[in-house]
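The chain below stands alone and is given in structure tokens; this is the form predicted on its own.
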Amino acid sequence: MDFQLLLDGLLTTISPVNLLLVFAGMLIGVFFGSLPGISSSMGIVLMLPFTYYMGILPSIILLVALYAGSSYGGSITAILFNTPGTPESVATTFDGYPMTKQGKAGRALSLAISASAFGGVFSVLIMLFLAPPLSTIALKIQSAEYFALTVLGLIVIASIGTKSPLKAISSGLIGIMIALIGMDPMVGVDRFTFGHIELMNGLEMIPIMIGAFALAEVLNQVTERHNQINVDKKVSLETVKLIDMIKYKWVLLKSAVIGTVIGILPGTGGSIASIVSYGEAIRSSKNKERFGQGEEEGVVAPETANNAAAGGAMIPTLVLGIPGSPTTAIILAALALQGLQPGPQLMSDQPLMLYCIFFSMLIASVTVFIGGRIGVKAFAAILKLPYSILGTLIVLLSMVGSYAVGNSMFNVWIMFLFGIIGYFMKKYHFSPAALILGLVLGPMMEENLRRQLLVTNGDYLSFITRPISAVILLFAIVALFYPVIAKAVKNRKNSNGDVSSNM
């Protein structure tokens, strides 16, 4: 590594104009990330026209800072309203919203900000020093490994969102079935469309997510005749002390590693990273029963992972020219519009540009403390409204967010439909969260299963003969049977204890 170039990149990034763009991009990212339906991808698309008249470096700095800020923004509405601003924030609702209902919204938001900053900084440091070798390893990951990763994610569903693993798995399978609607990705034949042209492209995830979480929660509040949402009206960020974060050091570190590694894998992104990280937090916790009830680790783990995944996704994007996530695919297009060609030559041809991108993400991750507080104050003010008004605003925001996905009223009706479905799922103790995660995992699972079988002429053993795939599947099997084994061991110890006490 050329330390002179590293220093030049830092000095260039912290020049007044570029530093202002980093702050602006981070704030815009927090804003877009916190609005349901207006994801980081859409935020970058909306900002692209403003970059046409900017130089190459300022425009890229603005966009990557926006990307870093939006990774945190989704947690604000996820925690305050049970409405994830982005798909990456779905796992944050599991314990974030219960903390809000317990009057601990300020604590949850502070933990989310600290975890987001740690995950972002960790991944950028990894990106700064290990980008080339990590990208080389990522190229060895093929269809078998991606399929194994989705299986691991599906197993994790069994431990989230409901006390019944069977109902959680059933919800996840329904999500996978919904993901199959539309054109077959391999042969181009329509499936489950029932002759409706609107279903040819499948169902958009954002309207389903908004309906299953936001609208379902409004229906739940209205039917239970709550006049006001059960949260502390004076939401203010608590100061999270260093000792608090040290308490969660292993959760932070594991989640950051999981997020960075999964982010590096092309086409995955923060959604799967947060799911896997949340599942690992449950597996390794001594207080598994607290998850879903307002456990702080349940906020720290997914927020660390999805922000780490944002940095990790930039590694294959910049070094290989392969987008690591849908958002980085748009950043890749933005680079091309500016005349840059990401790939192996970027490191040698434009090293200063690369270091400036790294440092802009690093600064944006650190300054998310500022942007997070601004966003929280804006949304916390809304909580002071009576729920009759607040619920109406949430429904209106949900309609706007759903319509913004493709400018289609069809998506609005889908949102209303899944709002009703989500309401009844919660009422009968099924898991809307598992349904959304199944929707996320479904396309990736199907495509990689079929692709691997095509490549190997139908050899199912290829999933266990490849070392990385075999290891991931082994983890999935352990995760599946671990709760049963742990419960059996605990019951055996209890029975032995009872026998000893009676003797």
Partner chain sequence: MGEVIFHVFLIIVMGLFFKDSFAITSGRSADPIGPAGFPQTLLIIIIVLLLISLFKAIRKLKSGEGKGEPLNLNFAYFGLLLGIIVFIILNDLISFTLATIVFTFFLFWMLGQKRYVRMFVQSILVAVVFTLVFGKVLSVPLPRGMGILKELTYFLY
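Residue numbers count along the first chain shown, from 1. The shown structure was predicted, so the numbers you read here are calculated from the model rather than taken from an experiment.
The discussion below concerns the form predicted in complex with its partner chain, not included here.
Although the partner is absent from the chain shown here, 31, 177 and 223 each have a heavy atom within 4.5 Å of its partner chain in the model of the complex.
The stretch from 406-414, 69-77, 247-255, 108-116 that comes within 4.5 Å of its partner chain in the model of the complex, counting heavy atoms only, is 406-414. Residue in contact with its partner chain in the model of the complex (any heavy atom within 4.5 Å), chosen from 57, 449, 48, 473: 449. Of the candidates 397, 340, 366, 141, 397 is the one whose heavy atoms come within 4.5 Å of its partner chain in the model of the complex; the others do not. Residue contact with its partner chain in the model of the complex: residue 198 places no heavy atom within 4.5 Å of it.
For residue 464, no non-hydrogen atom is located within 4.5 Å of its partner chain in the model of the complex, even though that partner is not displayed. When its partner chain is considered in the model of the complex, residue 283 lies well away from it, no heavy atom lying within 4.5 Å. In the model of the complex, its partner chain sits within 4.5 Å of a heavy atom of residue 186.
Taking its partner chain as it sits in the model of the complex, the stretch 407-428 comes within 4.5 angstroms of it through a non-hydrogen atom at 407, 409, 412, 413, 416, 420, 421, 423, 424, 425, 427, 428.
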